[in-house]
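A single chain comes next, written as structure tokens; it is the form predicted alone.
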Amino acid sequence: MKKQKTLIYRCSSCGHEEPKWLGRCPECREWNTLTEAAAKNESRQVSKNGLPQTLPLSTVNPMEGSRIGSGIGELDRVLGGGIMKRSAVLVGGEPGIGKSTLLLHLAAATETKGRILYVSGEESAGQLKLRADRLGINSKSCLERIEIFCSGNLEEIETVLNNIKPVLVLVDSAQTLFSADAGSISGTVNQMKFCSYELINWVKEHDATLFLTAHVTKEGFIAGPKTLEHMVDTVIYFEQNDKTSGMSGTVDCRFLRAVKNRFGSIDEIGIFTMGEHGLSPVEDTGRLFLVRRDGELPAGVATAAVLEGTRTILVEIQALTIPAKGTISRVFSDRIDSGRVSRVSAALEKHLGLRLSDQDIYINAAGGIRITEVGVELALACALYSARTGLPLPADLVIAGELSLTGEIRPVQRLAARVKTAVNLGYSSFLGPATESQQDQTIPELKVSKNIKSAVKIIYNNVHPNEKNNN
């Protein structure tokens, strides 16, 4: 038999690929630009005898790794620089946190001329239009490229996909998908796995991208099978903080975190504020998590410079110590890992003689942001010391550093960037570790400390509080 070549149709204008010929490219919307081409960039090739064969890396088209901008800077930051084509993104969060609002913002702002399909199994078309009007999505060109389909039936969704050939598919939500081939009840484990797998395969074959929302359980994990997270390329959690009165007034922050990302880092976070016009990206986060005060700080408060990916954020760390109510002291901390708080308090008791083993310890990060970076440990130690002794820290001081169990202060990443952020926000001094970088050593605002004892002496002008302050 004659050898059958695998052919595709590639757009000569933007490089978009389709398995069948179309008169108009779904990506750039140009007419008669799809031309026949050999599918040399496929990762699975078939030899003459019909057996699978390998593909040399040199023959792979680098356009497969291209990205498109989402139009939302904070989302691009979390995704690693933009939306990767032929990828699937799972967005998890509590009901009402703003997942549907985020998808509608994404549909309106995505930097593409192709069609966008919004599949909703939870809301009607009228409800989606009311939401779009409230969010200010009223551009004619924007509304024309967004297609709405309100159904959770997989077979109907696939028919719509094959008809309009979208470049971006938004599904809200995974729990509403169902197919007759996977049973008669929607929301089951088999339904979610089967329907999600079929949608993921479709977008990978048609050079599109899938965003899939999912609710979370009361424990905070995405509801449904764990294999759903393994099937997608990126898993993002949408979190909410308690409304806090900060330097910018009362803010309702939403945090976007990636816990899995095949195409970028998981260290970056996206920060949004929720208002009457939907989600607004927060570009300048310098003063967002600082509390507005006049005069000196109260005891137990320290300002920390922490890294969230490549961005420096100043956060107020609050500590409170009170005599333990029982024979065993307890640590209450949900924004900073309680194990880290216990290690820092143990180091303070060992190297400064500060008695904390008979105290209940309460730790909070203003603004409700969850901090995982090790650079917060020195600021945490200073806040605990201030709370236990009743001596407030200087109001113009910012702190960063990692505290070891031996009482030494270890270097942290991007120290110069942390100092620069603090200076730009009006702080005059910075306490941090010694560093090997010559550039960091010449920073005039930086006060270098090698261990926790010297750090306390620097803060309180070489006056060590008496043990009687420990009550």
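Note that this is a predicted model, so its numbers are computed, not measured. Note that residue numbering begins at 1 and tracks the sequence as displayed.
Another form, the form predicted in complex with a small molecule, is not on view; read the next lines as being about it.
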(request) Counting non-hydrogen atoms within 4.5 angstroms of the small molecule in the predicted complex, say which of Gly96, Gly339, Pro323, Gly126 makes the cut. (result) Gly96
(request) Quick one: from Ser100, Ser120, Asn261, Ser179, grab the residue that has a heavy atom within 4.5 Å of the small molecule in the predicted complex. (result) Ser100
(request) Indicate whether the small molecule has at least one heavy atom within 4.5 Å of a heavy atom of Asp294 in the predicted complex. (result) no
(message) Residue-level question: is Arg257 within 4.5 Å of the small molecule in the predicted complex, judged on heavy atoms?
(response) no
(message) With a cut-off of 4.5 Å between heavy atoms, is His277 one of the residues that contacts the small molecule in the predicted complex?
(response) yes
(request) Using a 4.5 Å heavy atom cut-off, state whether Val331 contacts the small molecule in the predicted complex. (result) no
(message) Looking at 196-204, 297-305, 349-357, 132-140, which stretch has residues with any non-hydrogen atom within 4.5 Å of the small molecule in the predicted complex?
(response) 132-140
